Structures are given as structure tokens and as C-alpha cells.
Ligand SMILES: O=C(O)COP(=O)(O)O
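We begin with a single chain expressed as C-alpha cells, specifically the form predicted alone.
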């Protein structure tokens, strides 16, 4: 029985559920180093995340010199291989997240993930963080022919979680644009990887800590 205004709450992954920046930075800089490029500071990498690993490499190459499709093809497997092997060396859930997930689950809410991270990488990370049983659906950047901000992946994640009234939680303009296109309310975290001030995201609610998530969702409901 659902004791909550939303039957499904879907989440973005990187920068929303977990701070993945340290391991993404290490993987990007490993690939750049192998290609003779200088490393990029972790704080800069945080604002490059959100469109998948291939786009991350493209941005990293662009920030350190020439970028073209051949260079991306060369570096992409280097980045992926390293990231698979070190996917949760330093990645951690954001403070208060797991308690918020517990509260939602206890109220009958189904939890889903909708990310532009490759589905295989996403499942690897979810397993590494011990979240296999927390999320009933996961749609990654390559699960469908399209990715966020197209609404189809979010709508698919909600459907796979059982459907019903839903909300989305993210950290970027990609996430808020996706929710808007899908016609569902969006909560944005202020501590994620946004490339712009969070008050410019157009979210229905902003939260500074996951302790505020359930009250924010109740207010939206």
C-alpha cells in the first residue's frame, strides 16, 4: 500500500545519488595521460559530468587541446576499462540519501534510476554500492535509442517501476528539462554537478540535503 503522493520516485545517478566525481576524474585523467594530455582538476570535471562517459572524454580532450572523432575513439576504451576497474574506489552516497530511500520504501514508493551513464556501468556502480535491492528499475544512457533530455528514458524507468504518479530527482539542467518534457515534477539537489547556478535549473523544489527530500516531495504532492 502506498502512503505517499507519488507511486514512483526516479533519480539521476551521478551527482544526485552519489558523488562519483573522484572516480570519474581518475578515469578521465588516466585516459588523458595515456594520450599525452595534462590532467584536469576534479572541480572542473564535476561540471563536465551528465551526458555520459563519451561526452566526458570529449570535454576533457577539448579542455586540453585538439578533439576529433579519432581521438575520442582512441581514448574511450581506455577511460571505460579504467573506470570499470575503479568504479567505486572513492564514490560515496550523498549524506542522508539512504535514510531518505528507506523512508520512501517504507511508505510503499517504488524507486528507479534514470541516468545518461551507460547501463552496464550504472549497474556495476549500483552493485558496488550495495543498492541492488533498492531500485526496481534502471534505465541508462544506452538502454533506449535516445537519452535525457528526451523524456522517453524517464517515462520508461517509471513504467518499469510499475507506473503511476511520479516525481524525478536530479542535479542538472538535463534532468529538469527531462522532467519538464515528461510532464512530471522535479526536485533538484544543490550539491550535485550542475554546470550553472541551481536557481537557474527551473526545478519545482531545491534541496540542500537529502533530509529535505521527503518533505519536498510531500509539498509537491
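Quick caveat: nothing in here was measured; it's all calculated off a predicted structure. Residue numbers count along the first chain shown, from 1.
Keep in mind that the form predicted together with this ligand is not shown, yet the notes after this line are about it.
With the partner removed from view, the residue among 60, 192, 50, 153 that has a non-hydrogen atom within 4.5 Å of this ligand in the model of the complex turns out to be 50. Using a 4.5 angstroms limit between non-hydrogen atoms, residue 13 touches this ligand in the model of the complex. The candidate stretches are 103-111, 116-124, 86-94, 71-79, and the one lying within 4.5 Å of this ligand in the model of the complex by heavy atoms is 116-124.
With contact defined as any non-hydrogen atom lying within 4.5 angstroms of this ligand in the model of the complex, 171 is the only contacting residue in 160-188.
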